[in-house]
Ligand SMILES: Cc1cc2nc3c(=O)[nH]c(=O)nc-3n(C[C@H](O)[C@H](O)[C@H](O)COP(=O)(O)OP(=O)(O)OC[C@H]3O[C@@H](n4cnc5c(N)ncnc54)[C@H](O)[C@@H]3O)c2cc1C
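Presented as structure tokens, the chain that follows is alone, the form predicted alone.
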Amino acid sequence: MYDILIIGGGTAGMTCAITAAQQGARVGVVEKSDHIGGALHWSGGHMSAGGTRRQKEKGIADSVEKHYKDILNITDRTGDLDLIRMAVEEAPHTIDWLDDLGFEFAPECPRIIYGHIPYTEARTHYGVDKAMSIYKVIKPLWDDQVQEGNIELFLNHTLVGLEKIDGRYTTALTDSGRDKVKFQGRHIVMTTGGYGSNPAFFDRKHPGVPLMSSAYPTAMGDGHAVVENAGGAFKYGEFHIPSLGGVELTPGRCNFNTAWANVLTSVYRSPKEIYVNESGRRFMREDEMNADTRERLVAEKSDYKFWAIFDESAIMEKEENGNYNPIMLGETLESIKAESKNENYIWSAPTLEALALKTGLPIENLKSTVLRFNNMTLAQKDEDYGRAYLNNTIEKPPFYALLIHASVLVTFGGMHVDKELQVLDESGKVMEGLYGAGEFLGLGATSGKAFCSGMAITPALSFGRILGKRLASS
């Protein structure tokens, strides 16, 4: 029997295992994939903390209290306030720990991120290689503990059940694809991630909400399903809100790192296009700066998607600094034009009528919408939505249509835990021996009903370390 059995070798699972093993605990880690690291191989790696050494070096006066207050304001005091408090108190220690390990910060960090509701201070930190910068500095610690025999890793094992002995959860039942295997631990820590890549599970938790997933492929909700089956309480699903910008690369999936539309906010790019719904009508102010407002406007639509309509003049226009800033992140004008010929997620046509036929948008509605917008642009007054940026009419062919989805990067629902990170059942009673961290808790626990920059990865790292330290000494 292991001192600590960890189910999931991702962000929280790795730090939990490392911390516990460094204190002499015998740790078993069960991972469903063929490698460790989980979403660290996928994520943008944004972390947030108030009062870090890095901030002080940059002359930024911040604190835990300021961070906590910002989160309360952004989320309207939703989420688990005990967990949020614990997360922000531990956050600067976690960032400084990474700093001590040689974490390579992106030179512009810490900074204020406008892709979510912005903090009042520059407290978002990330690495030059996104979340892989985290992986690179903690993997040697992991390897050391594996080499010393303190961590034993089992890959390609999917959790299928839990068992109790004398009223305490001590046994995990897994399926290796060849046979069923049991693992035992005095403490079991669930760090199995989210459920954004499991359409069936997602639909049960969010009926009627379309799933266009950009979540890590192994985020299948295995841990949630097993713990729920054992009586665990699922919370915060009602806080679900999507991220804007996904384009469908394969059926039902998009990828933030491969192709993404720059529509999170107008802070980073002034809109040269209009947004229309499936009826070919505008539905929002395209230069709205607040990311949360934009996300909720799209989430009000039953299909969770919209079209960006623009012309050749818009695609060729430069910003004030003389640089192009295409609507697709990381793309060039040439690659966007080439992709429009593939007609996968962006289309082009010599006329609006032809564009409407290709996309299925109502021809007359699209034409009248564009004409009305052009007239309002010439008059420099948007009478419909109050858009201020009115520099572009849509008149010069070819015309373009980009299909943009509200996508699921992370899942807000998760299993309920107390302030000791012990999993709770439907009656609020502790499920003895069972603990949770990371996206297993759901983003709603630490970020409430809105995206708060850095409040996914930082709590995952922090809670993993907290549990590793606490359980190793118990």
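None of the values given here were measured: they were computed from a predicted structure. All residue numbers are counted from 1 along the displayed sequence.
Not pictured, yet referred to below: the form predicted together with the ligand.
The three marked residues, 80, 436 and 467, fail to reach the ligand in the model of the complex, with no heavy atom of any inside 4.5 Å.
Checking 30, 415, 27, 431 for any heavy atom within 4.5 Å of the ligand in the model of the complex turns up a single hit: 30. In terms of contact with the ligand in the model of the complex, the residue from 159, 86, 117, 356 that brings a heavy atom within 4.5 Å is 159. Exactly one of the stretches 217-225, 372-380, 285-293, 394-402 approaches the ligand in the model of the complex with heavy atoms within 4.5 Å, and it is 217-225.
In the model of the complex, residue 52 stays away from the ligand, with no heavy atom inside 4.5 Å. For residue 449, no non-hydrogen atom is located within 4.5 Å of the ligand in the model of the complex, even though that partner is not displayed. Among heavy atoms of residue 97, none comes within 4.5 Å of the ligand in the model of the complex. Not displayed here, the ligand is kept clear of residue 406 by more than 4.5 Å at the level of heavy atoms in the model of the complex.
In this stretch, 54-75, not one residue has a heavy atom within 4.5 Å of the ligand in the model of the complex; the partner itself is omitted from this view.
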